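Next up: just one chain, as structure tokens, the form predicted on its own.
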């Protein structure tokens, strides 16, 4: 027997969790994610005593809806301002300077993954649950799980990166309308290779412990101890899209040496194990022109995520709210 719910959400990143929370008061909702943790790129990892935010590094709040949510996070102690401008530096490569009077960048407290945990509170959100296919059975959606179980749902929200969502539909032999398929295939993403490195001493970064780079190798460097996440020195480095594409299949040691070298952190300063995280769909480079896509000629199916709402945490949240609204009033 299949489990039956009103709405199944695939993907427990910002969009999926926001959509599920918006729908929860009026229908039964299950969220599934193949990862061991919730939050997608709201990701935090520990290596020994060192703690790293290794996906999304911060978030901003421009619109009133997301600003209200951020205010509630700050009030409850799960988020706080981190910085509004980064200091100038003469080190090479040249850091990208923020505009005067820059926007406030917020961080999760104690780390970015805390935001996902707060959003998931009270939800039926299931980690380490891999969907292998979705298909239409008797007018409903059926998701097959790697465990062999199945979940039936009247409506489906696919908030994973678009290529992964399309692969699930293809595995279930679901034919999208030609215009929908074409629109979805235009959404594109940049990859990111992230290096997590514990250090045996200070990184040398000034407060607030972050630096953006305008180069072909290194895009971002953050000191997680200065950020307030790690009790010991620990840096996160993000490779540029160009570097990440070229070196995607390189051994971890090659990637670590390259990024640490450009950052000016000699490998001798590394204390213990380093890790390389591979974000294949780190940031959308081509975005759909609407915050969601409601599929035609199928049981209710909404595609959501930062590939629709925009390449920031706020954009993903706006897409999640739009996904819930599309299911409540699909003709709007």
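Numbering follows the first chain given and starts at 1. Keep in mind the model is a prediction, meaning the values are calculated, not measured.
What comes next is about the form predicted together with a small molecule, which does not appear here.
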Q: Mark residue 20 yes when one of its heavy atoms lies within 4.5 Å of a heavy atom of the small molecule in the predicted complex, and no otherwise.
A: no
(Q) I'd like to know whether residue 210 contacts the small molecule in the predicted complex, with contact meaning heavy atoms within 4.5 angstroms. (A) no
Q.
Although the partner isn't part of this model, could you tell me whether residue 108 comes within 4.5 Å of the small molecule in the predicted complex, counting any heavy atom of the residue?
A. no
Q. Going by a heavy atom distance of 4.5 Å, is residue 44 a contact of the small molecule in the predicted complex?
A. no
Q: Given that the partner is absent here, state which listed stretch (295-303, 282-290, 22-30, 44-52) has heavy atoms within 4.5 Å of the small molecule in the predicted complex.
A: 282-290
Q: Kindly indicate whether 12, 57 and 161 are, all three, within 4.5 angstroms of the small molecule in the predicted complex, using heavy atoms.
A: yes
Q. Looking at 113, 129, 140, 217, which is the one with a non-hydrogen atom within 4.5 Å of the small molecule in the predicted complex?
A. 129
Q.
Exactly one residue in 151, 192, 205, 125 has a non-hydrogen atom within 4.5 Å of the small molecule in the predicted complex; which is it?
A. 192
